[in-house]
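One chain follows as structure tokens, the form predicted alone.
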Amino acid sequence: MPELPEVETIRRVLYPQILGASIEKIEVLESRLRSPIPANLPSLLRHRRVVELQRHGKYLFFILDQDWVWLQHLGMTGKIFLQAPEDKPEQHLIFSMGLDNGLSLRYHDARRFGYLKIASEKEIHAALHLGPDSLLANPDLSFWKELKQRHVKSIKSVLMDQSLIAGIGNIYANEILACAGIHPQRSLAEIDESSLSRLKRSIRKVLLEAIRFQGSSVSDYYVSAGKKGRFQERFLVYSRDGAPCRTCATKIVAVKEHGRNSFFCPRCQR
């Protein structure tokens, strides 16, 4: 599933070409997403102009004129590209939007777990129940100390809880904890202030570095048609079980927890 670095990379790629563009033609080929695409989508979006493109956590917010917002979540396999109309679309095309600048905005989703909603900005934020953005908000030490008073679950589970802090999924939770030297199964309640400070710094460091390398292409994520991200080449622990730790050469360990693999160095992460 695309996480914050992947969605932010997509936002940065789309932004200069979509800002100010008007949606002129909409073709829906498959309406069955996580929630069905509304039948009146063409009438809702036709002739709407994109005045801003924002991101919160793993969600894209296409801010449109007349106070409308098009919310897009990519689910597990969603891909959104800008292409010339004559370019052949990839498989699993869900919808295509023709813009007045001559480009087509296309959304593909093999497993159809993506999500689209058109509403006012207030309605959308009220429905999402997201915590502060893990990069833009850059939650300070007081935020983590306050969470520590309320949560005894593992630090990795806290990082992945979008209602507490938005944008971090399994890949980057593993990488952030490796960078901070914190064991993924440690309870947040047991983590001292020094470790929380390292955690705060590591969140920002890992997310910014991942964005610099345009995200991680480990499955279905592409920056644009045919172009992959490169941060997977720099993973510290994720999907490296049995490989030597880049710091101490101890073998990386993988354990399954709540259906997800946690990867860590048993020597560096305590």
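In this text, residue numbers run from 1 along the sequence as written. Please read all numbers here as calculations on a predicted model, not as lab measurements.
From this point on, the text means the form predicted in complex with the DNA, which you will not see here.
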Exercise. Work out which of 195, 83, 72, 170 lies within 4.5 Å of the DNA in the predicted complex, going by heavy atoms.
Key: 170
Quiz item: Could you tell me if residue 51 has a non-hydrogen atom within 4.5 Å of the DNA in the predicted complex?
Solution: no
Quiz prompt | Any non-hydrogen atom of residue 126 within 4.5 angstroms of the DNA in the predicted complex | solution = no
Quiz prompt | Contact label in the predicted complex: residue 145 to the DNA, heavy atom within 4.5 Å | solution = no
Quiz item: Would residue 208 sit within 4.5 Å of the DNA in the predicted complex, counting heavy atoms only?
Solution: no
Exercise. Within 4.5 Å of the DNA in the predicted complex, counting heavy atoms only, one of 8-16, 21-29, 257-265, 243-251 shows up; tell me which.
Key: 257-265
Quiz prompt | Within 4.5 Å of the DNA in the predicted complex, all of 43, 117 and 231 (non-hydrogen atom) | solution = no
Practice problem: Would you give me the residues of 86-112 that have any heavy atom within 4.5 Å of the DNA in the predicted complex, in order from first to last? | Solution: 91, 92, 110, 111, 112
